[in-house]
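First, one chain by itself in structure tokens, the form predicted on its own.
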Amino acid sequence: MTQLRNVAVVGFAQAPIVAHDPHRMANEMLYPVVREALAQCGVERDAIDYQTAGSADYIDGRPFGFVAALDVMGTWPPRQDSHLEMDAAFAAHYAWIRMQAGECDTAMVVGYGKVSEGQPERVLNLQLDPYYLAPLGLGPLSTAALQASAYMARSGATDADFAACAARNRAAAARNPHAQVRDPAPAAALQQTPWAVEPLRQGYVAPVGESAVCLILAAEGRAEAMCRAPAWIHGVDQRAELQSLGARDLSRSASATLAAEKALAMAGLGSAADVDLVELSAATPAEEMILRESLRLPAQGDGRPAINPSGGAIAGNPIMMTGLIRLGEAFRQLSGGAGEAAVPNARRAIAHAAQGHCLQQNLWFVLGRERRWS
């Protein structure tokens, strides 16, 4: 393999996740985080070669909503620009690829979305195939419940296991000032909450929220000047499975497993146990346990690596940016900016992003405090 360029996360800013921000439009929420991320790097917008965004007009409820975000990201001087109708973490992967191709040395990646201005369950129904599944009216919570049932049937996991997983994430989220759900709750109390869709209880699933995030990437030579402690990308890979739920084993995620193996191999690591922390885009306890299996880690429990020290997606699930926040949380941990949620002596981290129903598409980043190829 031709030697890859060292690319690092050098800045990250995030608006706290809320259920509803009634006073600002999406681009108004985005503006302060763009300014904060640039300020962290000590640069202005003309220092950015490439910019890319992850959002969905369906979520914002207005056509061509991403064009308004350009006013915030900057349109002058002219620069390369792209937009994905996906979680912004996938846009970060595209930026990394463009850097490997030598197209740019710095990139701004933003994610945003105002879920309170629409009906996310109905919007995300459109991610299903339009002939057999979408007409049934299934939303992401219903399909997540199907997946949870399949996982329980195969693994023997119980309602108590789901409660324990949710309680661990909520306890961690209490130390995260950006989390939407910050009140710890014991597992026994979560088991008393009503069903959201059986076998998922309301206490296990975070409500979708809205936020705005901005992440800055830079290649070797620029990164060191923009950040005191860059988080270098050692490995990355993404894989997708069939859209049809009936064509997959929902109790597992073949795409997550393959992508994790490829990303770890690129990073030169033997297993996920070699890292210090993992941030998962798991919106339910079943998703977290399936993703842990894909990393060949125990499905339950604490220890090393620390799983979701930020509280994870269960404590805040802003659509189109949940995955990019996982990458940002990994950067915070490795650069010393995680505050009370810091994992002691963290030197390597894994960040995960997902797209589609029942973990249809999966993206893994492996990061470290040292440069990978030098």
Partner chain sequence: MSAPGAVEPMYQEQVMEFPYKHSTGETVGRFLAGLKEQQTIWGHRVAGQGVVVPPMGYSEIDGRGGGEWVAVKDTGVITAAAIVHHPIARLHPFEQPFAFVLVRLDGADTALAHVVRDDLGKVKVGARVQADWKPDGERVGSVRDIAAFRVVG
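Numbering follows the first chain given and starts at 1. The structure displayed is predicted, hence computed values, not measured ones.
Only in words, not in the display: the form predicted together with its partner chain, which the text now covers.
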Report task. May I ask you to state whether residue 78 is within 4.5 Å of its partner chain in the predicted bound form, using heavy atom distances? Result -> no
Query raised in the report: Quick one: is residue 305 in contact with its partner chain in the predicted bound form, heavy atoms, 4.5 Å cut-off?
Result: no
Requested in this report: State yes or no: in the predicted bound form, is some non-hydrogen atom of residue 71 no more than 4.5 angstroms from a non-hydrogen atom of its partner chain?
Outcome: no
Query raised in the report: Any chance residue 61 has a heavy atom within 4.5 Å of its partner chain in the predicted bound form?
Result: yes
Query raised in the report: Which one of 223, 250, 259, 272 is close to its partner chain in the predicted bound form, taking close to mean a heavy atom within 4.5 Å?
Result: 250
Report summary line: With the partner omitted here, the residue among 300, 142, 191, 127 that in the predicted bound form has a heavy atom within 4.5 Å of its partner chain is 142
Requested in this report: Given that the partner is absent here, state which listed stretch (175-183, 195-203, 157-165, 213-221) has heavy atoms within 4.5 Å of its partner chain in the predicted bound form.
Outcome: 195-203
Requested in this report: Would you mind checking 97-135 for residues with a heavy atom within 4.5 Å of its partner chain in the predicted bound form?
Outcome: 121, 122, 125, 130, 131, 132, 133, 135
